[in-house]
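Given as structure tokens, the chain that follows is alone and in the form predicted alone.
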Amino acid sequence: MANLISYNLLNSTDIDFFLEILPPECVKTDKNSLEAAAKDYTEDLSFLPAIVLLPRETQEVAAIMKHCFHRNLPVTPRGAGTGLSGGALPVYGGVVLAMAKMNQVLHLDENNLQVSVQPGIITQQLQELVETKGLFYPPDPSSRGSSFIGGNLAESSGGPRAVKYGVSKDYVLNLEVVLPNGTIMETGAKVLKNATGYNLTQLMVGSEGTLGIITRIDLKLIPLPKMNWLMLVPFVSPEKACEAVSAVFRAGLCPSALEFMEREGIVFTLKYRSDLSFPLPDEAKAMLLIEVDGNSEEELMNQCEGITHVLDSFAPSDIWMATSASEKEALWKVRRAIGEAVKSHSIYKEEDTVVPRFQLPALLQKVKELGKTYGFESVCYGHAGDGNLHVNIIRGNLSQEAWENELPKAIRELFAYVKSLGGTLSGEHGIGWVQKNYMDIALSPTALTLMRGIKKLFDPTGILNPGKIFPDEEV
């Protein structure tokens, strides 16, 4: 079913209004700007907007939204465009509201271990800033060097260290939000406990820009661990590597990161990035990258010894230990580059499956079985400590007909299996545009009806990020 809401087209009067509240350099209608905003990192999809606006502060966002609300113009909020589910794609054209100029740290409160920021600050820049004060903002998606905090919150992003420290939602205390009609509101308070009414803060986090525009974020921080070490563990079997993951946690150990990489992903990365090096034994079919952190070498040594003892029963090859900054950085660069490397190899689709940790071997086996049945290759990697497996489906030699008509059947079968294991469709990439028609697998009709009702309450005319999350219906 097509989207049943019709929108007005942008006209010269709209452009004149935007030029009244924004300087000319923040109002973009040139071809290059529109084409850049037409895409994110999702497959090869592209939807051209009519205009790109770059507000600098909350009042400008409010004025834009109020105008678009009354004019019935669709608005797509955009961070850095690093998303993988099409959440920032302007599928109905209209206005792209780009947050790149709202990139300031507003206040760093060292007494209360909090920081207030605008949504356009780059994640890594925030992390490096607070680290100079001995503080830690743990969520670290692979795109942390370019992704915006606002976009991270829109998808409730996690990253490798979520296994010990949680995802972005776990650090949000309060938000300033502009609603689709231009109203400015706060969702909570800068406190660690809050039992005052419904949790609107957590409702906004992960809502993929469909309920409001985040314009200020109040985050909690924690003390920065003094040191970390990194273990690289090769396995002759990917399934054995996955089996070992659950065993580590059952033994009472909690590494700060536990990542899974298939050999093919590492090979793609080393071909794609000739500047990177990585120890890859011939017999290694998969790798676990395991980080431990703490405040003393003795603490780290005890963790590593405990993990090594658990892994011994899964017959890994020789474990490689990285303790220097350069060694650790080299390993992390490879892990963080895998997704981009795989995407450069072929047209692809990426699924962000997540299951209980113990079910990872079954999930991996199912992915490979479906590949044989439907004729596709896959490269799997991800945050194994969370049970979050990124499945990159590579088109390779698949025909256009098979890619468009048969592959969705395979994906639906995969998601149904994930659900049967107690898992769900997405751990951190969101639903967006590309996964919305599988939502009936994850959620009951009652749950979807309630979510649609929430969307309608916040956005009665359906102008904000339309066409996302909900399966082929009227927003």
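Numbering starts at 1 and follows the sequence shown. These numbers were taken from a predicted model, which means no experiment stands behind them.
A second form of this protein, the form predicted together with another copy of the chain, is not displayed here; the remarks below concern that form.
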| item | value |
| --- | --- |
| Contact stretch among 97 to 105, 268 to 276, 148 to 156, 69 to 77 - heavy atom within 4.5 Å of another copy of the chain in the model of the complex | 148 to 156 |
| Partner-contacting position among V191, A330, L129, I319 - heavy atom within 4.5 Å of another copy of the chain in the model of the complex | V191 |
| One residue of I454, I15, I21, L9 in contact with another copy of the chain, assessed in the model of the complex (non-hydrogen atom, 4.5 angstroms) | I454 |
| Joint contact, G206, F458 and I469 to another copy of the chain in the model of the complex, by non-hydrogen atom at 4.5 Å | yes |
| Contact of S326 with another copy of the chain in the model of the complex (heavy atom, 4.5 Å) | no |
| V355 within 4.5 Å of another copy of the chain in the model of the complex, heavy atoms | yes |
| Any non-hydrogen atom of S378 within 4.5 angstroms of another copy of the chain in the model of the complex | no |
| Partner contact for P408 in the model of the complex: another copy of the chain, 4.5 angstroms, heavy atom | no |
| Residues of 170 to 209 having any heavy atom within 4.5 Å of another copy of the chain in the model of the complex, listed in sequence order | L179, T183, M185, E186, A189, K190, V191, L192, K193, N194, A195, T196, G197, Y198, N199, L200, Q202, L203, G206, S207, E208 |
